[in-house]
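Next up: a single chain in structure tokens, the form predicted alone.
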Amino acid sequence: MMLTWPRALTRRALSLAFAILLGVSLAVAVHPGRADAAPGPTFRNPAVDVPNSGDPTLTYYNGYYYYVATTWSSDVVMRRARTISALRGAPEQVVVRTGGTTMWAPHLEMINNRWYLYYSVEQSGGARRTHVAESAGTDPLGPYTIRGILNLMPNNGWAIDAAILKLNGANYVMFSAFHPSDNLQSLYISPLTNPWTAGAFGTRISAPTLSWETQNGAVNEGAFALQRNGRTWITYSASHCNGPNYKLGMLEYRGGDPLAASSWTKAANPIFQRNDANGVYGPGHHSFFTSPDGTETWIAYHANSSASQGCGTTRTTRVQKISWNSDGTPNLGVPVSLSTVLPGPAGETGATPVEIRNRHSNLCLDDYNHVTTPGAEVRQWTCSTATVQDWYLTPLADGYYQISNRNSGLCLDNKDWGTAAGSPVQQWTCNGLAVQQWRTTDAGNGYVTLVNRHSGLCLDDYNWATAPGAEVRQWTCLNNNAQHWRIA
């Protein structure tokens, strides 16, 4: 026999269950004397969609995330956002015009209070080499001065996917190149005398010799350094990106000369790879970043949604939090599906969820029926502590906000780009477009109006309804009680 619960009772039961679960998790996780920061606004991958979304570097600095990735054009472009949930809709800004024909795999790093961009460039069919640009100050957006080519291999040789390793008080550059003895695309490392000058040609520290490193082609590339509790790892991409088996491997530094292969030990198995059940193929070429409160480590990587996709513009950037094994090594877990709703990194600005209550109906904006797929309804319901009534307001440019639901991970959206009075609203995958941007205007006594950027209409308690399930639409702004909302 199937029992059907009244919706209000179900919501109360869910709220109680959530509170119990929260209490259990706090009992396990909270440490005396430390107040953990709240998680950021929920989101769903991809964090950045096509086309400029392969080979990502993502870093957090001074209140913002900064993001660069392969463009396959001549330009390096950068995004900036306060939260991961807002990154997808953040505008792209050209920060370096390389002068080449193709640019990919940019890496952003601060050295001595200047930002440096290391990026691979192909110029008119010549060897693919690493170039460097230097910022004028501490703003990652620049302006940048091109410092030239980082000469990493003999005879102006091929050298790509550069990234920085800071170890034992010195700076090194890791990169990928072909070894002359066996022609295997391998991981190399060179010392730096300054951020744009190598002190010596590179030496090989890893070659693709294990079976899982040679699927669809033998490759080691895309290295990134990860350090914790005095230990240093180099994680890297293995196998060829033209197949679904592109994945991540790992080396650990064991002491001695970082330029010697004997100073590094390779993990016997991959640490991150395809997950067919989650619809994730070829996860690789990644970076790590720290949450705003400094307590969490996250990975940003690209992946495909089909086994038939390869190295091109189908790859999207995904992010997720990593954990740590009992032996102190990183545990990257498995790549999550695109339908998974993730809490944002701890300590993000605007990370406290709010309720949005209508002045006339006294009901709260609600993810109706707990739906988590694009197109989910937005209605009003009796105000409660349920997560379907938790909303994140993420600041965008020009005084507008993105409004996302904690339960669904979707954004409040002007359905079908309507512009007429009575236009419906819905929840949709967050994309940063004008249909998902809302301006708050003070209406007095603690209330505001919410105006959609595209339609110019106000969020409205449609037909002045007062019963749970009341519709929400857009209407000509009239500054009446049906269009007044308390955000608290």
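Computed from a predicted structure; not experimentally measured. The first residue of the sequence shown is number 1, and the count goes up from there.
Omitted here: the form predicted together with a small molecule. The next part is about that form.
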> Of the listed stretches (265-273, 396-404, 153-161, 372-380), which one has a non-hydrogen atom within 4.5 Å of the small molecule in the predicted bound form?
Replying inline: 153-161
>> Please tell me which of 248, 78, 241, 90 lies within 4.5 Å of the small molecule in the predicted bound form, judged by heavy atoms.
In response: 241
>> Looking at 177, 121, 105, 342 here, can you tell me which has any non-hydrogen atom within 4.5 angstroms of the small molecule in the predicted bound form?
In response: 105
> Even though the small molecule is not shown here, does residue 221 get within 4.5 Å of it in the predicted bound form, heavy atoms only?
Replying inline: yes
> According to a 4.5 angstroms non-hydrogen atom cut-off, is residue 72 in contact with the small molecule in the predicted bound form?
Replying inline: yes
>> Can you work out whether residue 55 and the small molecule are in contact in the predicted bound form, taking contact to mean some heavy atom pair no more than 4.5 Å apart?
In response: yes
